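Coming up is one lone chain in structure tokens, specifically the form predicted alone.
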Amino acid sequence: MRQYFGRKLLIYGLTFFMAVTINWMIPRFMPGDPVAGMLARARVTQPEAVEAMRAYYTNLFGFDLPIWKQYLNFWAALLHGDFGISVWVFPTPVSTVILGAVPYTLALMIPAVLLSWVVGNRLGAYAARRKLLDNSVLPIGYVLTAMPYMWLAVILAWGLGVVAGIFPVAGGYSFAMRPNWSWEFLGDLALHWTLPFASLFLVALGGWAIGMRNMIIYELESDYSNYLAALGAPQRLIRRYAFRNAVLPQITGLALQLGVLVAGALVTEIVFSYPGLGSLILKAIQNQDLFLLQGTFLFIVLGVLIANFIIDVVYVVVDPRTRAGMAGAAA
């Protein structure tokens, strides 16, 4: 098992290394002067402030140094948690800007991913053995999973926000309020959270329900299910074994779909102007804030890699065959 996780950590480490390298290369191999481009979009009019920013960013990019030294300096700053200073909100550090947006994205992503996976798997399992439910879950699941995140977000914002007026359609909380721990603010926060969460939850729900429904049907028609039925085993026991075996590919699917779900969350945040990492990426692009863009992408890559590693650990825990294979390989 130690060798297995060692290989996994090596793979994730190499992936992170490549992501950081590509992230470093993009602004340096773009045509033109990235510093001049950033300063042209920065809302600074005082000549002395412009010169100070030019000197800072030129030194941070290190254009007067050899390319290999620029690369090593970038890694040294990264390992110290220094992503540079944002142009958009100069002189605020990029790490501070990102940490202000991370709680919103995590509060949106984690419940949407986990609840859609759990509810979708349960619905799919029930649909596989109830024809009436199957006739409704299957077509609805196909419709939901075919919907783009952004399109469903717009529909929900228009229907439940603009027309019905039930939920707000923009921001993380009302502009008249200031963040605090009062029940009034938390309730307002939940209202602004509901529509972005619903758009992510519904699209992911359809895919998980369809996948589990198909896997349960396959497992119930397999040899071991027929053998247990011939021995007189109760149907409840057979279905329990079928669900346990069917959920394993769904765990693997969660790891494979995590990047798609993150991309959907970022687009959804932009639609609702939700103050998470998606809106931060849009602001960075609009203001040509390369350091904020680099820092946000690196944070997302690191988060996806950590989540995938956790899923790998969970898979080993829930699948005894994997542990048995590791023990056999070690012996």
Partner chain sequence: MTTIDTALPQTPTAVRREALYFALRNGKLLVGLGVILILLGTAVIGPVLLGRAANDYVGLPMQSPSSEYWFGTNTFGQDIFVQFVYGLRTTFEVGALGGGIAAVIGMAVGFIAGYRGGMVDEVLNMLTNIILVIPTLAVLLIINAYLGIRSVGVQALFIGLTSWPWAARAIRAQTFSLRTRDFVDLARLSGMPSRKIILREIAPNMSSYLFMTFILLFGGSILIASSLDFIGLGPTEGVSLGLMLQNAHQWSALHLGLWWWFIPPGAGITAVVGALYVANVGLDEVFNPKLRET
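Just so it is clear, the model here is predicted, and its values are computed rather than measured. Positions refer to the first chain, counted from 1.
One more form of this protein should be noted, the form predicted in complex with its partner chain, which is absent from this view; the next part is about it.
- The candidate spot formed by Ile11, Ile285 and Gln294 is fully in contact with its partner chain in the predicted complex: every one of the three has a heavy atom within 4.5 Å.
- Proximity to its partner chain in the predicted complex, defined as a heavy atom within 4.5 Å, holds among Phe185, Tyr71, Tyr126, Trp151 only for Trp151.
- Proximity to its partner chain in the predicted complex, defined as a heavy atom within 4.5 Å, singles out one entry of Val247, Leu138, Ala101, Leu202, which is Leu138.
- Gly259 belongs to the set of residues with a heavy atom inside 4.5 Å of its partner chain in the predicted complex.
- Although the partner is absent here, Leu78 is not a contact residue: none of its heavy atoms lies within 4.5 angstroms of its partner chain in the predicted complex.
- Contact annotation for Val143: at least one heavy atom lies within 4.5 Å of its partner chain in the predicted complex.
- Among heavy atoms of Ile155, some come within 4.5 Å of its partner chain in the predicted complex.
- Checking 82 to 90, 127 to 135, 112 to 120, 188 to 196 against its partner chain in the predicted complex, the stretch whose residues place heavy atoms within 4.5 Å of it is 127 to 135.
- Contacts of stretch 261 to 278 with its partner chain in the predicted complex, defined by any heavy atom lying within 4.5 Å, are made by Ala263, Leu266, Val267, Ile270, Val271, listed in sequence order.
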